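Just the one chain here, laid out as structure tokens, in the form predicted alone.
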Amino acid sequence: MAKIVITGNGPLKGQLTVHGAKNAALPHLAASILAQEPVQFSNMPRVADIETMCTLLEAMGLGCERSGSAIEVLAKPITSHVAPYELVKMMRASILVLGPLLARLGKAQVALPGGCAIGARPVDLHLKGLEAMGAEISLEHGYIDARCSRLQGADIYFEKVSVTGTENLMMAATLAEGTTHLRNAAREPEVVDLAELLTKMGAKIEGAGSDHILIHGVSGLSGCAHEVIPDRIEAGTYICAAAMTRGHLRVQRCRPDHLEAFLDTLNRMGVPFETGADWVEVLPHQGLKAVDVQTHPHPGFPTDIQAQLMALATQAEGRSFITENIFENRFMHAVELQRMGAKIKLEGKHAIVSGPTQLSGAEVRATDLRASACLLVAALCAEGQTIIEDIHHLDRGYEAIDQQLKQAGAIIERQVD
């Protein structure tokens, strides 16, 4: 098992470049199932989850050719409608192939998904939506079995905002007969980027970015070329790392307009920064102020940066109140931060962080993808050496983050036992 060893050594400096968004790239790859021609992607991140999705597509008969940050999904005949457990268990986003397979083939068999253990993320919203579109669905032996002759347009209301639910049903609806209304739909930038991809492929979609999306079904979709949007979570992680170390760091090839709630929170904390069309430059701060923040679906504060912000809050004067409204088990990183000396009190979905606290290096364990990023950020300003174990979580969502941080002056190395 690999681990990362970090020695806190002062401010990060220089510039870092953000890669393509994993959470956009995964539904993009799933959407290629719908096309009858090759689909070419650029700015694809080289992370474990992307490799898993490509392997899943290849298991269905499609071809994936990678060249650097580009991936071309070849339009080979789909020979299997099954997403097997041995692949799905590695990545929850595998559920995204359900809608495209069903729409394209009229049948799909997908294992119930795995992924990070950050709380219940049921797929019932996906299944209810597909049933409303005419699919017959059963759950047997750990698999979702879905069948239909052709999906029909439907009026679907999400009882709870779901990003993957919105994406799955939007993809399925592109080949449905008639018009599908998705109400209380997710508004995340990744949903908008998926709609732009599908539109290039010939889909007819209105309202992406709002909570009401209209999809007018078409008979078929073609190939196209598409560039994946920058990863706003990777950008936010680097920004937190810079602020954590009182650094001066420019984060480039990002989208500040995708980070508005996060940047507003940093502004309230006293982090000075400047923004341009595709960059955020963090300047050295003179001290941080405690902040109250609650995670919400976009355009609210993103749950995927909550852990990194909690690390930063350990350096703020006063008591910060962090409320996690999306996932009920996403404070597992707090216990590991406490091992490093953080003063954190957990009360249900609330975390109270008292600071500023001088963190100290320790042996800690990454429990999920964003928890691993949180511990990495914390280690950058801790006294002494921090060893982060179980970093396979980190590799699921961050491309060469250890090498990136080393470029900015971090003392960091990867070790393999």
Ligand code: UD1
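Sequential numbering from 1, following the sequence displayed. All figures in this text were calculated on a predicted structure; none of them were measured in a lab.
Absent from the display: the form predicted together with this ligand. The rest refers to it.
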* Which of 169-177, 324-332, 215-223, 240-248 lines the interface with this ligand in the model of the complex (heavy atom within 4.5 Å) -> 324-332
* May I ask you to check whether V123 falls inside a 4.5 Å heavy atom distance of this ligand in the model of the complex? => yes
* To do: Give a yes or no for H141: in the model of the complex, does one of its heavy atoms lie within 4.5 Å of a heavy atom belonging to this ligand?
  => no
* Just to confirm, T164 within 4.5 Å of this ligand in the model of the complex by heavy atoms? -> yes
* **Close approach of Q404 to this ligand in the model of the complex, 4.5 Å, heavy atom** => no
* **Answer option from A93, L194, I71, L337, heavy atom within 4.5 Å of this ligand in the model of the complex** => A93
* Structure fact -> Answer key, this ligand contact in the model of the complex at 4.5 Å (heavy atoms) among T199, N184, T275, T303: the residue is T303
* Determine the residues of 11-35 with a heavy atom within 4.5 Å of this ligand in the model of the complex and present them in sequence order; the list may be empty. => N23, L26
